[in-house]
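Same chain, two versions here, written out as structure tokens and called structure 1 and structure 2.
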Structure 1
Amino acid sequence: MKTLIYKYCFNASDSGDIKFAKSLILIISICCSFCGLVWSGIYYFFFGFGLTTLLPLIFVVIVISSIFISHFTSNYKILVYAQLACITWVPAFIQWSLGSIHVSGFVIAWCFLGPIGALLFLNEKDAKIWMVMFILILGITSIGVPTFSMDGLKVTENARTIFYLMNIGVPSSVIFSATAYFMKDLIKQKERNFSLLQITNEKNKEIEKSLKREKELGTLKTNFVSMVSHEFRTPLTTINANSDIILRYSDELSRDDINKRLEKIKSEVLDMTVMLEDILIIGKSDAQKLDFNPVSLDIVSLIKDIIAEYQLSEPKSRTIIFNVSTPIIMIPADKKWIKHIVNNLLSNAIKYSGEDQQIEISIKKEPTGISFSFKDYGVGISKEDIAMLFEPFYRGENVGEISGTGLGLVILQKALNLHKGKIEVESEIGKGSNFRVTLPAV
């Protein structure tokens, strides 16, 4: 059976729906043909060879022939129409051969497979036509027509019982089986469609993610160009001005004046180098190539050394309050990245607060690690800006002319990620900011 069905699906390019329809009509045709042979045998047993016995055989011959014709012509609709015509009219002729519905055992029930089949294999419009045909046959049968043979007189009570069982049970079984097969395929199609929908949704998410990434890259490029044009222009102008003065007036300038200008050039070059290094760090972190070499480190000593370096260059009016819970706190950390974190937080606290405003630094030993915070009483940060602080090249709206690249906190966040640490920000416009970093002990 399976081999025949597979061979009958003669076109490899057929869709799943077409292959299903071909398989289903072939199965129904074979089942009905088998029933036709059984019916012919039963009629022969009760009536001998005559018109009633011959009609099921005619059905079988027409349907079986249509199977082969439709296969070799690659047109399965031939079998559809042949099956529908035979299943509609052959039972009607058998009905009229035997006489009344009661005598025939309701053989006319087979005719209802016509509109059902049209609904499955054709369309709703054609199904309505076959339904009208079925109603017409019912009407003719109920009004009464001259019987085509005298076989009805030979029907016994036992024969009538068998006819009723066959004529009601078998068509109902065929309808049930076809519907079950059809519903099973519908369920499979639904599952396939759901699977395709999931794949489509995943692809859409990937496309949305790619579009979002492209948009972010476009924003980054715009911000990068803006940052470079602003932050590099000032040091380049300073370098150019000082070098031009040295070249033009070297004979008139004192050695101390020349040295001061050279130191200024060196300082500006150093600032540009730091900016370029920050940009390179961002690029490396995107490529997951950041070095991370943790060692046992005294965080208190390291922060004290960094504060001491800053105090040498800061105005004496600047007050830095340092609070520590324990003189020595050892943690596994990468010294380079910890220095970057501390330098960034301290330089920001100094940069965004006035010379006469104090800065508070505290270090605490926690049960699971350590925490250190940098609190200033400067310009502060709005809630909207806090949400964007760790985006590349982003700077708060209230920073004014204060220089900066918008990369420091981004790199700080990446350094914390390497240490599996976190940062919390509390701030209010005009009242200052507090950055609290937490690092695990292991």
Structure 2
Amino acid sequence: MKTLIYKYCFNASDSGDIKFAKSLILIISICCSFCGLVWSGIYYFFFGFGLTTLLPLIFVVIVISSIFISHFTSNYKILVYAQLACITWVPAFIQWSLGSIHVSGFVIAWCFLGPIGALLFLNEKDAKIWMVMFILILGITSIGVPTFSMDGLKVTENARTIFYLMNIGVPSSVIFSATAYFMKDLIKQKERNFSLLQITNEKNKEIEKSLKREKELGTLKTNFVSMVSHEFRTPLTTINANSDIILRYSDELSRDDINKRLEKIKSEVLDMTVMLEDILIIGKSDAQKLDFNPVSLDIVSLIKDIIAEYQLSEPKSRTIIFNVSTPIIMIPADKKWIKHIVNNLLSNAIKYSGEDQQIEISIKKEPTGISFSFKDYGVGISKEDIAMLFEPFYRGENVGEISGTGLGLVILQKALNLHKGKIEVESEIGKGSNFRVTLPAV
């Protein structure tokens, strides 16, 4: 059957919908032609060879030949119109051959397949025309009762019962099956549309996400440019000025003065290197390329060592008060990243507080790992700024002339993510800040 449909129905250029409609009209035509043969046989049984017996055969001949014509002319509409015309008019003529609706067993019920077929294979406007045609046939039959033959007189009570069963049962089953088939297709279509909608929604979300990311990158770029121009200009000016003086007045300057200026240049270069390293880390972490190699280490001595090292490089000394709950606390951590965290917290505490103000560092063993906090009594941070501290290049409104890039805490957050740790900030403007880091033991 499938091969037959493929051979006689489809053209290479047919769309899925057309193929579907074509195969359906072909199946219906074959089924109705089969019914035509059966009807003709039954009428022959009751009436012998007459007009009523001949009409269903005419139906079969027209429809079957239109199958071939439509195939060879590649115009399936021929089959549709032939089928609709025959299914509407042949039962009407059978009706008029027999007489009243009662005598025929309501054979014009078949005519209703006309508007239904038009609805399925043509369009709503055509379907209305076929419906009007059906009503017209019904009207003519009910009012006028034209009779073309004497076959109606031969209809017995039993024959009428059989005719009723045939003419109501079969067309209504055809209508039901066609509707059910189309409904199934409609539901499938609906499901397809629904999943398409879901895919579209997901794609939209992805687009929205990348647009947001694009926007963020734009802001990042702007902030980066303004940060670089601001933060690099000062050290570059200092380097330029000092090297200029050394070059021009080397004969007049004392050895001590030259050394001081060289030290200044070195420290500015170091600061710029740190800034560049921070920028590189931000770039790398975007591509998720940060290397992380945790080993079991004593975090207490590590923090103390980092602070001692930091203090050695700092010209101005600061009072640092240590508060350690347990002398040795072993946790898995990456030394390089812990150094970043501690250096950032300590340098910020020093940077954002007065020279005479002390800094308190507490290290505590926790049930799930370890926590350490850096407390200072400096400028503090407003609530609005706390919410934004971990955004790249963000700096508090009260930093004034204190230099900085707004990258330290962003890198610190990334280092904490690698360790599955977290940070909490408590601060009050003018009173100081407390940064508390928690790291898990495993």
Ligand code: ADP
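Being a predicted model, the structure only gives us computed values, none of them experimental. Numbers given to residues start at 1 and step along the sequence of structure 1. Between two forms, the rigid core is the largest collection of C-alphas that superpose within 1.5 Å.
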Practice problem: With both forms of the chain shown on their own, indicate which is the form predicted on its own. | Solution: 1
Quiz prompt | T161 C-alpha relocation of at least 2 Å between structures 1 and 2, rigid core basis | solution = no
Exercise. Look at I137 and decide if its Cα position differs by 2 Å or more between structures 1 and 2 after superposing on the rigid core.
Key: no
Quiz item: So, does L262 move by 2 Å or more at the CA between structures 1 and 2, with the core held fixed?
Solution: no
